[in-house]
Ligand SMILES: Nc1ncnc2c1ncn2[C@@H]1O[C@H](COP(=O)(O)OP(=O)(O)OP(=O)(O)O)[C@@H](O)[C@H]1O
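Just the one chain here, laid out as structure tokens, in the form predicted alone.
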Amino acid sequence: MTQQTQGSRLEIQGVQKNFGDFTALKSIDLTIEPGELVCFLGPSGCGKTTLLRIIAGLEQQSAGQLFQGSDDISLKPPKDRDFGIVFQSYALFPNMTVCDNIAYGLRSIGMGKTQIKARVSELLELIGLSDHAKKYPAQLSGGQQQRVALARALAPSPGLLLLDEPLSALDAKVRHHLRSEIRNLQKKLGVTTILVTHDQEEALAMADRVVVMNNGVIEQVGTPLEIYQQPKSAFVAEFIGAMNFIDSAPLNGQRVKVGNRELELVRPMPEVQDSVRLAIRPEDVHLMPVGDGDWEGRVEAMDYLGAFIRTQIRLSDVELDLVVDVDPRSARQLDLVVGRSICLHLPSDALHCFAA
């Protein structure tokens, strides 16, 4: 069994990055606790990879400081920072065996041959590739190559593990399996880990906390559950999972008007606006037989997605289409088919409200 690694605490204070007139990162403040797996999530160009490269020392910040434990690493070169990194492309040496790839970093820090052999053997067992030690990368599958890249990064027992889109080149089934393996390995070793991805499912499944980024700023930091159930902005609500948006007019107190109807909200409204956007998850909309619900509509489309059916409902008395996710059993009970009239209910506690 591998001895547990003591993960490092990472503090990012006021980090900014400019490329000429373009500001890629705007005053980023973030603390990552020892042993955490934190995911930087966001669309392409949001700044997540730039932030990772600054942490690694591969890019120099324009302003701000970084601390790893009590060590100020703001100006240190990559070789003097305590991290291991795994790239999307694996970056294995094609002319070296699996064994030699994993041992590469250990030789560069001057570890003895006996210790290297023991450490490599330990890591090969940990990633389940003991029988592949003498093979070359070209003889391995994509998933196996990614495991070797992970073992090579972990070999010197770094305080921080950086994963840059490590699974995006793999097919869905391998990706799903490998993310569980990486998460289990990370928990076992206790190494502080930062994962960069644009895949929301990957982030929600693997992370202790998710950092949602957009246009060089942090939109929200929270657990996967907090990010999904309590989005703090319309961007987070829309980017994480599916979401319906409904343009509304605010009334007195916690009430809004949609078409000719008034809705009472449970969650706080933004400061007074001329208009607001209500948001509700497709799985939170309740479908029911005609005559039983608050709103009446017509089934416009149905997509069978395995565990649920994604249904498009056109509301009768407002110009609005809602996406509703319904399980197959409920769909059968309601006899859902395209063209069928249906009623629905929007629970107050499931409605979010954002500035328009």
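The first residue of the sequence shown is number 1, and the count goes up from there. As the structure is a prediction and not an experimental result, all values here were calculated from the model.
Keep in mind that the form predicted in complex with the ligand is not shown, yet the notes after this line are about it.
Does the ligand come within 4.5 Å of any heavy atom of residue 50 in the model of the complex?
Although the ligand is absent here, residue 50 would touch it in the model of the complex, with heavy atoms inside 4.5 Å.
Just to confirm, residue 219 within 4.5 Å of the ligand in the model of the complex by heavy atoms?
Result no; residue 219 lies far from the ligand in the model of the complex.
4.5 Å heavy atom contact, residue 60 and the ligand in the model of the complex
Flag for residue 60 set to no.
Residue 45, heavy atom within 4.5 angstroms of the ligand in the model of the complex
Judged by the heavy-atom cut-off of 4.5 Å, residue 45 is in contact with the ligand in the model of the complex.
Quick one: find which of 63 to 71, 321 to 329, 22 to 30, 289 to 297 has residues within 4.5 Å of the ligand in the model of the complex by heavy atom distance.
Answer to the contact question: 22 to 30.
In the model of the complex, which of the listed residues (209, 183, 198, 76) lies with a heavy atom within 4.5 Å of the ligand?
It is 198.
Who in 157 to 195 is close to the ligand in the model of the complex, meaning a heavy atom within 4.5 Å?
Residue within 4.5 Å: 165, and no other.
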